[in-house]
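Taking the form predicted on its own, here's one chain by itself in structure tokens.
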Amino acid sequence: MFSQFETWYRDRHDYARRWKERTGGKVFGCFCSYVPEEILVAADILPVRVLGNHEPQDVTEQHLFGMFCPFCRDVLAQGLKGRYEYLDGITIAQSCIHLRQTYRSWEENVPHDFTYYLPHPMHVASPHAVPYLYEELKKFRAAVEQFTGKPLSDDDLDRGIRLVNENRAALHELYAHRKGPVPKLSGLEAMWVTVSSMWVDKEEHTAELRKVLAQLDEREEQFGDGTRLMLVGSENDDTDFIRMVEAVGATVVTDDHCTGTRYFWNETPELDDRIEAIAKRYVERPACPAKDHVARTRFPHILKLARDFDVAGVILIQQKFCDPHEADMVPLRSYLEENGFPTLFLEFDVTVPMGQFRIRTEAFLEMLMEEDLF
């Protein structure tokens, strides 16, 4: 049922190359989930999230400090090794210092025709955040128009907003099938779907997802026997890790990270000014901890997810040296445990120490089962 999404996840580069050959369109690499995909889709550009490959790399030492997070070093390695050679442009929305340097190093060392660094408010709770981003998005729109040679009309922006929102709505429907006592899909399958949505043509991805949704209620395969867990933290698209967690007696039913719900959770509203609507969406989305000081608005959102999906515990994931999440982990862990949700903290590197993580996950699940008995 989910084989197409698994293929898209596994063969992401082949998909982008075929899309480019088929459509004659441009492909942009996006270094952060805060890049406004609506504007790119409106311009007939395929947005592709630039991700790592979860393999040891030895080509970034002269470009990044060793204490930069492994995800950023893995991302840069993919560019230096030519695995994204099909990209016509790259763009980033203001992010953490590690990812910003990754982008700058890519900009200087990997060939490209277009590059755009989009300033984005880091204090999203500020009343000035939407007006600030509104002005920056107008500049971004103009830069995209200049590159493509095509002005973006309100109709174009309406189409871009509609296609991205339709995909978000379909992903919400998929996640709703994980709320009940017997989830209709595994956490691994959900990861294939969500992460592949970050580089597959939105209309094509939504159409395939609608086919699956139409059949999901009748699915006989069950995933309700495992302990219900939530994943929270740094970027995570490591299918081997989530496969291991579900193999030892858990069912991952929801998440909060930038290649999960944080990417699609809220839609762009309908406003007369389309750029203002897009600005509101990206300011008001579930916040990345790099943009969530000092209020930590994301904590109540994470707690609500844990309650809505009836999880027994939370695995907190942090990429090694990830400063924004490191600053959040201690108060977030206390916040969740004070509200009745036990936590397990795991620190990720480029490759996951699967044996060690397996032992710690099994111990966590045993603890949850003992607590449930008493």
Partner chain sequence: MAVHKTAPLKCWKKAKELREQYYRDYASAHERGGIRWTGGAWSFDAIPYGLGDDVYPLTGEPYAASIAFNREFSLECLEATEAKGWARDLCSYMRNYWGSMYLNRFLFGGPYPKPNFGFQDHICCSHAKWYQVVSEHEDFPYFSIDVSVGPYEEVRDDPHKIRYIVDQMHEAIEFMEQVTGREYDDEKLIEAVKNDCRSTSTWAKICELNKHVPAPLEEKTMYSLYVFGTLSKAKKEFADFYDELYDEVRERIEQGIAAIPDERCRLMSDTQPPWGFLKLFRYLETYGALSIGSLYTFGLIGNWETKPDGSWGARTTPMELGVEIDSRDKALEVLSEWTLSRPEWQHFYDPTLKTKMMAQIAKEWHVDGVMLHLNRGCEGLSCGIMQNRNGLVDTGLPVMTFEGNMGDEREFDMGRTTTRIESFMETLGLQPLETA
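Not measured: the values here are computed from a predicted model. Numbering follows the first chain given and starts at 1.
Absent from the display: the form predicted together with its partner chain. The rest refers to it.
Checked against its partner chain in the predicted bound form, the residues Glu337, Glu326, Asp44, Asp310 give one hit for a heavy atom within 4.5 Å, which is Glu326.
Out of the listed residues Val182, Ile97, Ala247, Ala142, Ile97 is the one that sits within 4.5 Å of its partner chain in the predicted bound form by at least one heavy atom. Put simply, Ala290 is close to its partner chain in the predicted bound form: some heavy atom of it is within 4.5 Å. The closest heavy atom approach of Glu136 to its partner chain in the predicted bound form falls within 4.5 Å. Put simply, Leu64 is close to its partner chain in the predicted bound form: some heavy atom of it is within 4.5 Å. Looking at Pro119, you'd find a heavy atom of it within 4.5 angstroms of its partner chain in the predicted bound form.
Comment: 120 to 128 is the region of 173 to 181, 196 to 204, 120 to 128, 247 to 255 lying near its partner chain in the predicted bound form, near meaning a non-hydrogen atom within 4.5 Å. Every residue of the trio Ser105, Tyr132 and Arg296 has some heavy atom no more than 4.5 Å from its partner chain in the predicted bound form.
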